[in-house]
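Each of the two blocks below gives one form of the same protein chain as structure tokens; they are labelled structure 1 and structure 2.
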Structure 1
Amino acid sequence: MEAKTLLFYLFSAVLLFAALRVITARNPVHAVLYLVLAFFNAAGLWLTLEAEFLALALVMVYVGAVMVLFLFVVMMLDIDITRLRQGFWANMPLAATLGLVMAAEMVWVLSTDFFASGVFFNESMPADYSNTKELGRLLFTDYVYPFELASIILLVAIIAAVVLTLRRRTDVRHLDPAKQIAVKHADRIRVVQMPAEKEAE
């Protein structure tokens, strides 16, 4: 067995174990840490496929930013674990059925000749071939409209999150920037004329 194949099976086994522990761990903090482990192993799989940019992006964006944010949120919130676990086993048959359907679809796709036809992997690449450059070229040429559509959807999601969480409090003092800009210097400074005083003799 080649070293690349061995690494693939190793990363895949740890990834499946970590993903299973994410949904079965009783402690939310442990679930987040298992998700971090799953992301690291997914990045390892990307490295075995010679997609270094995607592996580094997965580690820096998800592990370095998103999962740290999740971990802080989970640790700061007072989560009722017993209430969170209610209905877990009741929904288990439906979740297992959907998981088996997704696994069957992935096996069916990977067993076809689509991936073996050289669409994704071409052994005759030159030595100076850059998958990052090729990814950028595909994103901004063949898939530019889906890429822009995804960015618009993310922008709408950000605006919606800000609007949904915006709360105007009336019991606190705040400054109105419009009124600050509209004020003139004559309204702020008042020159008072005072008579000159004589020095005491």
Structure 2
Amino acid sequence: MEAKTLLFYLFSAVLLFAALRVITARNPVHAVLYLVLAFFNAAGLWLTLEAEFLALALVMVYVGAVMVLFLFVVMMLDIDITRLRQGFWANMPLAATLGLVMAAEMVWVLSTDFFASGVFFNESMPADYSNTKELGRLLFTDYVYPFELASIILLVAIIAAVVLTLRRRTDVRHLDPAKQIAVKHADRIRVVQMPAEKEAE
């Protein structure tokens, strides 16, 4: 067997196992860590497809930043697992239907001529081909408007999230570091000269 095929099966097996554990793990922190493992193996799969930018960006953005914050939140939550499991069977039919629809859609997309033809994956690029550079060139030439549009939508989402959660509290004292640094000792300390007390006679 070719090394690449072997790697593919290794990454896929660990990916499937980790994905399964994400939804079956009892402890939410364990579930998040399995999700991290799943992302890592997905990145490995993309590396075997010579998509090194996507693979490294996945590790950098999802594993390095998003999942860290996710873990942060999950650790802070006070999760009662028995209460979470109460609605399991009641919600099962809806969840199963949604899952089946998604699986059917994926099968439908992947069985189209575009993916089935295989031209997509078999072409191996020369060693000096830089995936990152090509992607950057495309993003800033052919797809510059969709790209900028996407970034503006994300910016709007960021600002909306900040505005929705910003609470201006009036009962806290704010510090202005510039003012703190500019303070001179004369502003804070008053030296009072007092005459020495008279000796008791």
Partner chain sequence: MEDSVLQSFQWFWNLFGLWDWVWGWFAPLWPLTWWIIKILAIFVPLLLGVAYLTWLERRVIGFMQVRMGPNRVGWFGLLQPIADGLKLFFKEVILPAKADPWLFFLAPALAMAPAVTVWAVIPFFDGGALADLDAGVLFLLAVTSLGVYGIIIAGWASNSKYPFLGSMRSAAQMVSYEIAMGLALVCVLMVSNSLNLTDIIRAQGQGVFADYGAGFLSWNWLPLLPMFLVYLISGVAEINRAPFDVVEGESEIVAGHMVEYSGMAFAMFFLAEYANMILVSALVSIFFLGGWLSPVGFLPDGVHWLSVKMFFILLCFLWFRATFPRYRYDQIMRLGWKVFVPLCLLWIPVVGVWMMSPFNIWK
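One-based numbering along structure 1's sequence throughout. This structure is a prediction, so every number in the text was calculated from the model and none was measured. For clarity, a rigid core is taken as the largest C-alpha set superposing within 1.5 Å between two forms.
*Asks:* Between the two structures, is it 1 or 2 that corresponds to the form predicted in complex with the partner chain?
*Replies:* Of the two, structure 2 is the form predicted in complex with the partner chain.
*Asks:* Quick one: core overlaid, is Thr170 moving 2 Å or more at the Cα between the two structures?
*Replies:* Indeed, Thr170 is displaced by 2 Å or more.
*Asks:* Taking the rigid core as reference, does Asn27 move its C-alpha 2 Å or further between the two structures?
*Replies:* Yes, its C-alpha moves 2 Å or more.
*Asks:* Where the rigid core has been superposed, how far does the Cα of Val183 end up moving between the two structures, given in Å?
*Replies:* So the C-alpha of this residue moves 15.1 Å.
*Asks:* By how many angstrom does Met102 shift at its CA between the two structures when the core is held fixed?
*Replies:* Shift of Met102 at C-alpha, rigid core superposed: 3.5 Å.
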